[in-house]
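First comes one chain, alone, set out as structure tokens in the form predicted on its own.
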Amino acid sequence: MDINELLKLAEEDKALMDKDTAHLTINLNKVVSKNIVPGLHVDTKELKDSVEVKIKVDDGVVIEKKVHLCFGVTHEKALQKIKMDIDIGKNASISVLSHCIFPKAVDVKHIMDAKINVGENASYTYEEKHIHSVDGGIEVYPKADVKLDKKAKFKTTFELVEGRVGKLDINYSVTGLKESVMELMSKVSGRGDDIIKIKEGGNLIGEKARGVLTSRVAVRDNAKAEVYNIIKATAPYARGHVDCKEIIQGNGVATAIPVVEVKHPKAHVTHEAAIGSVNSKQLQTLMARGLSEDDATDLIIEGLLS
């Protein structure tokens, strides 16, 4: 399988043919293709065992079309290390769709280390979708340190529902200044002996800063999941919420640790966590309509992760 087949698998091949759509494609630690549009700067540096990527959006620039990133590994065994430096200028806006594709992974490690700065009144939306092999022979380590200036908006979704998870260890930290908004969502489906760890932190240090951390996780067979989400509010009128829901089947094990910390009398942060098996009433209703128990369970879990 070559990189072109990976792009077709992610349904990215057509988008990358559009000259008005910015994109960057990396196979292992090599840049395969790149296209930029006015106001957007994408600089790459290939190193011996990694690649550095710097993305900058100029002040006041709105990137109209969604930017496409693709990070893939066509090998069965490999180490992919990507260092990202992202700077969204004042009053700028950009939306990114990133695919991470490892369809043949037997022993692959993917490390992503990002530093992100979203300028005053700017907006950055980042959607990351993973496609893995069915063997689970992959370790994924996404890490991000995000700074939000006044009135900046940051929204990210991490999705890993195709193929086996393998080992996943997410570590995100977001700090928001006055009237900034952060929204983090994780959707992960584990089976076999997958190991899932999600750690996300929101620091609301500016007046009227807002943040929501949402996790949706399913574990089946002998898979294990641990979700640790924390929001700290230290400024007046800061508002935050932590929301974690996990479904377990078979011998799956799930842990949810929602933490809220408030250090100002005019701040307010809430949390909720729920862990349990598939809802029996929903299961019976679907089975009454002709679905097998396994198919009905898959449909319920799909609904949780949709």
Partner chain sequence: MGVLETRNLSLKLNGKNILDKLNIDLWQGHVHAVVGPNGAGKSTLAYTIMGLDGYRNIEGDIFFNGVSLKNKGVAERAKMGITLGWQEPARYEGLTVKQFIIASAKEKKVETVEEVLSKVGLNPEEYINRAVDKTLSGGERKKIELASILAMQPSFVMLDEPDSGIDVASLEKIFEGIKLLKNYGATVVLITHSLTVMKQAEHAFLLCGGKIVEKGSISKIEPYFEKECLPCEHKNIPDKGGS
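By rigid core we mean the largest C-alpha set that fits within 1.5 Å across both forms. Positions refer to the first chain, counted from 1. On a predicted model such as this, the values are computed, not experimentally measured, just so you know.
The same protein also exists as the form predicted in complex with the partner chain; that form is not shown, yet it is the one meant from here on.
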_Looking at K30, H41, K45, K281 here, can you tell me which has any non-hydrogen atom within 4.5 angstroms of the partner chain in the predicted complex?_
K281
*When you measure heavy atoms, are T74, M84 and H130 every one within 4.5 angstroms of the partner chain in the predicted complex?*
no
_Distance check, K147 to the partner chain in the predicted complex, heavy atom within 4.5 Å_ = no
*Is K19 close to the partner chain in the predicted complex, meaning a heavy atom pair under 4.5 Å apart or at it?*
no
*Partner contact for K245 in the predicted complex: the partner chain, 4.5 angstroms, heavy atom*: yes
_Close approach of L286 to the partner chain in the predicted complex, 4.5 Å, heavy atom_ = yes
*Can you name the residues of 186-218 that have a heavy atom within 4.5 Å of the partner chain in the predicted complex?*
R216
*asked:* If the two forms are fitted on the core, does L286 show a Cα displacement reaching 2 angstroms between this form and the one not shown?
replied: yes
